[in-house]
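Read the single chain below, which is given as structure tokens and is the form predicted alone.
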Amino acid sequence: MRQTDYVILGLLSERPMTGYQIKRIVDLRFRFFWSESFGQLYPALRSLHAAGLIEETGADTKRSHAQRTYKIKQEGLAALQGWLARPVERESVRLEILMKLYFSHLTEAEVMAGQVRLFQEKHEQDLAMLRMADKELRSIVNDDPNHPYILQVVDCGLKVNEAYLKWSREALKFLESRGNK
């Protein structure tokens, strides 16, 4: 199974949802560390359904995929729990900004500095959003057993974005020193 399948199973373990609802949650909750397209989600929903891991509730096959509601079956929960028990695969990070910096000797320092400033602005926005989410989540008394784990995910997002901003400031100083030569 693909990682997309486990994202779907995990979200369906919370409650039944449509494909559209799953996409929306991925875009809202996970956007700082994960992405899924409709082109990934709908084929995965079909294959999970065919494998007997999820089922449609009130199955009306005439509805579009965005309107069909799915729920996890016991077999799907078992598959999700099996995945949770396996070691994490090697993480891959692709930061285009670093690839551009690597080759930036081929352009003016100010061109690269502009790229770094854009990177910095995006992560300042992400950090502000995460700080608001963290504040709101910490103010909520929540007995859901998943709540403390969600806070840990947000904490990682805060720390990663803080590190990106620290690096951005250092990279800009470096590029400014290179621009004077």
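What you are looking at is a predicted structure, and each value in this text was computed from that prediction instead of being measured. All residue numbers refer to positions in the sequence shown, first residue = 1.
The next section is about a form of this same protein that is not shown, the form predicted in complex with another copy of the chain.
Using a 4.5 angstroms limit between non-hydrogen atoms, Arg15 is distant from another copy of the chain in the predicted bound form.
Another copy of the chain in the predicted bound form comes within 4.5 Å of a heavy atom belonging to Gln81. Heavy atoms of Lys100 reach within 4.5 Å of another copy of the chain in the predicted bound form, making it an interface residue. For Gln115, a non-hydrogen atom is located within 4.5 Å of another copy of the chain in the predicted bound form, even though that partner is not displayed. Screening Asp134, Glu55, Glu36, Glu124 for any heavy atom within 4.5 Å of another copy of the chain in the predicted bound form leaves a single hit, Glu36. Contact check at 4.5 Å (heavy atoms) against another copy of the chain in the predicted bound form: all three of Thr4, Phe119 and Ala163 pass. Residues Leu77, Leu80, Gln81, Trp83, Leu84, Ala85, Arg86, Pro87, Val88, Glu89, Arg90, Glu91, Ser92, Val93, Arg94, Leu95, Glu96, Ile97, Leu98, Met99, Lys100, Leu101, Tyr102, Phe103, Ser104, His105, Leu106, Thr107 are the ones in 72 to 107 with at least one heavy atom within 4.5 Å of another copy of the chain in the predicted bound form, listed in sequence order.
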